[in-house]
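To begin, one chain is listed below as structure tokens, in the form predicted alone.
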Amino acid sequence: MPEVQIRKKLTAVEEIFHEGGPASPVPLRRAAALAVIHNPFAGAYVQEIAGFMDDLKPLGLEMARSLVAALGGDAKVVEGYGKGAIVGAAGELEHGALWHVPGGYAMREILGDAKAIVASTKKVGGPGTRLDVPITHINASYVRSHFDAMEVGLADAPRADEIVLALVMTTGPRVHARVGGLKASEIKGEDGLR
């Protein structure tokens, strides 16, 4: 398959102290890693594209490591994750789906024993397109306090023949989470759901 050609990368961290209520003594930290790559399938329909997932695996691992580093270097502080892709206009939605395996498995590998499926989204768009990357708890998808999203995007990407690949990690629940449901302390860890 083609070599992965990276035009640029971005790692961003935000700290959330409150959402209108009392300030948390420890802010929620959300981090996003983006990579803008050339889309080798742009401009034409190509039947066999799945092999490119293997080529993306090293990039997925590198991005997952960069997120852990941005959050302080200890994978044990990560409680939530998600992934996504924005495909440029000369590509197709399926090209964004190529990120499911290399992005998701990379985060699960770096985080050790993460059991939950990595929530994901993708879309086709032009430069400046924004994407809300869904976030769930790393070990149980039904932990309601960790349902979240982080908006990502770059002003000059994706160009028509590019894909923006995104990984997101968080250090905890939404600030002021209080709508009930399964708590992180109640996770059984049997199936990645509860």
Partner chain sequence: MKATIRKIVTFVEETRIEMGKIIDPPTRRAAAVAVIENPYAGKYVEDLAELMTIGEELGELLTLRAVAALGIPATSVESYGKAAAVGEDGELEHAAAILHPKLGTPVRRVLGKGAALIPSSKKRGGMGVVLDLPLGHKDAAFVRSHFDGMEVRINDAPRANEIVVAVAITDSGRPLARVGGLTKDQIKGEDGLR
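Since the model is a prediction, treat every value here as computed from it, not as a measurement. Positions refer to the first chain, counted from 1.
There is another form of the same protein, the form predicted in complex with the partner chain; it is not shown, and what comes next is about it.
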Give a yes/no on whether His18 approaches the partner chain to within 4.5 Å in the model of the complex, heavy atoms considered.
yes
Ala44: heavy atom within 4.5 Å of the partner chain in the model of the complex?
no
Using a 4.5 Å heavy atom cut-off, state whether Lys9 contacts the partner chain in the model of the complex.
yes
Is Glu14 part of the interface with the partner chain in the model of the complex - any heavy atom within 4.5 Å?
yes
Please state whether every one of the three residues Arg30, Arg130 and Ala155 places a non-hydrogen atom within 4.5 angstroms of the partner chain in the model of the complex.
yes
Would you mind picking out the stretch of 165-173, 44-52, 134-142, 147-155 that comes within 4.5 angstroms of the partner chain in the model of the complex, counting non-hydrogen atoms?
147-155
Though the partner is not shown here, which residues of 36-73 have a heavy atom within 4.5 Å of the partner chain in the model of the complex?
Glu62
